[in-house]
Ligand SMILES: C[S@@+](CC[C@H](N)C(=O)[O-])C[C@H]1O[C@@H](n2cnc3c(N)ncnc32)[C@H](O)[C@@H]1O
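Take a look at this one chain, the form predicted on its own, written out in structure tokens.
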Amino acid sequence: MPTIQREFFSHTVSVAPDSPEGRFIETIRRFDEFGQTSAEAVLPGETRAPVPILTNEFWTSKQRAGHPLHEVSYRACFKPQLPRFFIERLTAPGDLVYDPFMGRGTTLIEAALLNRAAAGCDISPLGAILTAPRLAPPTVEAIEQRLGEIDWTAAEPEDLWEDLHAFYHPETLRALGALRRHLRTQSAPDPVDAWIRMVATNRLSGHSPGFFSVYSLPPNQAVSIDRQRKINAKRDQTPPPRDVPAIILKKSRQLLKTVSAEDRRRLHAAAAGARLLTRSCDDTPEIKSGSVQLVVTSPPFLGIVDYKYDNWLRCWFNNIDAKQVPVWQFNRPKQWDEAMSRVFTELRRVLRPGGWVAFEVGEVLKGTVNLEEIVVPLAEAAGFVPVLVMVNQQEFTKTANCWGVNNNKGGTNTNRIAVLRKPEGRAKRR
């Protein structure tokens, strides 16, 4: 049987068509669920045979096509269809799926719903705050009962930051302050309080009456107080009173509306063994070597997202000092390169022999840099076999229309995923 020879920096790896790598390449090459097979190109490279780049629509572009439990907004998050694509094809029930840049927990929630074990890491405490409650969701009845037990007038002066009146009516801010105080008094919030905190964190500011704030955009981050004042002046608006417990209950019903008894069983099974780490993912001794079958993740973007600034209001609500969270913020490819080199070394340690990585990146710096061109050599240097680059390309989405971005520009309509595999044994050397 013919063999594909790929030149790597230090040695040659043989990829046979009947190998796991070869079979996966052929699966993606022939993929036609949306009416067309994949277009093919090659990744530029001077010191090795180029890695295939396969472009297609690999999952639906429809909004809210995933499980409603995912509908928790977060900056730069990917759709649940992305991890589902790889989980279904590269893992079996019970396998451990890991996301080292957990964010809102999309990979973990989708893994749990598919009867896989889940682990995640994020340097921001918000990652665990947004993820853990959805792995152990309470009932709507329990949520409603707890909301009725909270004293919504018991705010303390430290919880009534006057500048926040740019976002909130005084009555709304008083209710948020009371909730903030209630949560602060819990040494270890039970699953119901943790859920309420997660939903409230998600509803702090947005563009509809379903949020606590007056009109503000976007809903997945918070503008500055000065910027919100300008929005208010331009729109001639003042913050209306919002019914905080009613909004929390309504959003809870939406998130839980299709959670079945089987979903709950799978989620709670995953939660029982889940590791949710709050730390830098280049050093995760809590995750056992050789335990992970699949990594699906999207690392911090290069120079276009200010993660610390975006989450200042969520940090305030959760009593987190945003200035003390050592969020990775990279403005130059060299900085990104050095950090990801450490990450890949750690991912190789935690992966099983034969385990996979789906590493979602995007074009940055106005399309002048494709991060997969940095990722592939970094991954190879760490001991991975680069298998292919998948480009999921779609028509206009809600995000692109909202921001007025041309189709497939600015990262709103494309996903670029470097697919890697940890060798099962020593690579063949020439």
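These figures come from a predicted structure and were not determined experimentally. Residue numbers here begin at 1 and follow the sequence given.
Omitted from view is the form predicted in complex with this ligand, to which the following refers.
With the partner omitted here, the stretch from 122 to 130, 88 to 96, 209 to 217, 231 to 239 that lies within 4.5 Å of this ligand by heavy atoms in the predicted bound form is 122 to 130.
Proximity to this ligand in the predicted bound form, taken as a non-hydrogen atom within 4.5 angstroms, holds for one residue of Trp356, Phe167, Phe317, Tyr74, which is Tyr74. The partner is absent here; in the predicted bound form, the one residue of Thr139, Thr345, Ser291, Ser280 having a heavy atom within 4.5 Å of this ligand is Ser280.
This ligand in the predicted bound form comes within 4.5 Å of no heavy atom belonging to Tyr309. For Val327, a non-hydrogen atom is located within 4.5 Å of this ligand in the predicted bound form, even though that partner is not displayed. At least one heavy atom of Gly103 is located within 4.5 Å of this ligand in the predicted bound form. The closest non-hydrogen atom of Pro299 lies within 4.5 Å of this ligand in the predicted bound form.
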